[in-house]
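Let's start with one chain on its own, the form predicted alone, as structure tokens.
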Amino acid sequence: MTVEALIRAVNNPESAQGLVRNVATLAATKDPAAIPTLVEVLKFNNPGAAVAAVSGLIEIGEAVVLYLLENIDGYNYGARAWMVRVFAGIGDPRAIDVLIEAANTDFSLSVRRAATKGLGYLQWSKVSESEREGQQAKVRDSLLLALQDGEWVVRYGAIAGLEGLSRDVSSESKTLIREKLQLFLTEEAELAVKARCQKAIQTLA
């Protein structure tokens, strides 16, 4: 079946289950022509279809980012939340500002966690050397702020993000991250978060 036929099938499903199946089939093509349709699916009230669309968009990769940035729906929270997950999964630095905003201000803890983790795995080779240090500092400060989040899963994600970021930053920035995590460790009460923090500190040592 052609991509065009698969797009028509997504736009004319026989049932909610059929929509999920059709979206998964379209996503599996990894064809950039499917991007607008898969993004539109994120606006549907069908979590199963949205999960399939997110996976497909992440697989397509870089070609998705500019389209998403130009089509973020500020009035459809559900779609925007799914888009954050796509940005986090692709790791394209063009989405830095969207991920920072989501990590520090989104009301959904799952979106904040996805954003914090995504910030730790950005593809810094795509950022010019003249801008890289400043952008990394923005991300570092956002993740350090997320360590103060009231939800432990977000703090956990922020630690993972800081550990990932530390692989690409200067030695001075890495030292700062380690010192902040060591201080955080003395104040954190959640055992799972403490254990994750200890692992990160060991990695940074």
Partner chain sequence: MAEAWTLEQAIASIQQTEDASQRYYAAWWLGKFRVEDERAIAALLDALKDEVDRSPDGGYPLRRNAAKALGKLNNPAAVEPLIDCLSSDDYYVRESAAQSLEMLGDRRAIPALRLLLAGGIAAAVKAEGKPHLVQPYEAVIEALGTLGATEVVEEIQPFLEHDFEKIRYATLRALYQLTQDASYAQKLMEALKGDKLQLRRSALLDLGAIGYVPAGTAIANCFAENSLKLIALKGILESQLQRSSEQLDADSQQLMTLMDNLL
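This is a predicted model, so every value here is computed, not measured. Positions refer to the first chain, counted from 1.
Only in words, not in the display: the form predicted together with its partner chain, which the text now covers.
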{"query": "Position in contact with its partner chain when the complex is considered in the predicted complex, options 147, 177, 65, 160, heavy atoms within 4.5 Å", "finding": "160"}
{"query": "Segment that reaches its partner chain in the predicted complex - one of 148-156, 166-174, 26-34, 54-62, heavy atoms within 4.5 Å", "finding": "148-156"}
{"query": "Partner proximity in the predicted complex: residue 199 to its partner chain, non-hydrogen atom cutoff 4.5 Å", "finding": "yes"}
{"query": "Residue 135 within 4.5 Å of its partner chain in the predicted complex, heavy atoms", "finding": "no"}
{"query": "4.5 Å heavy atom contact, residue 110 and its partner chain in the predicted complex", "finding": "yes"}
{"query": "Distance check, residue 195 to its partner chain in the predicted complex, heavy atom within 4.5 Å", "finding": "yes"}
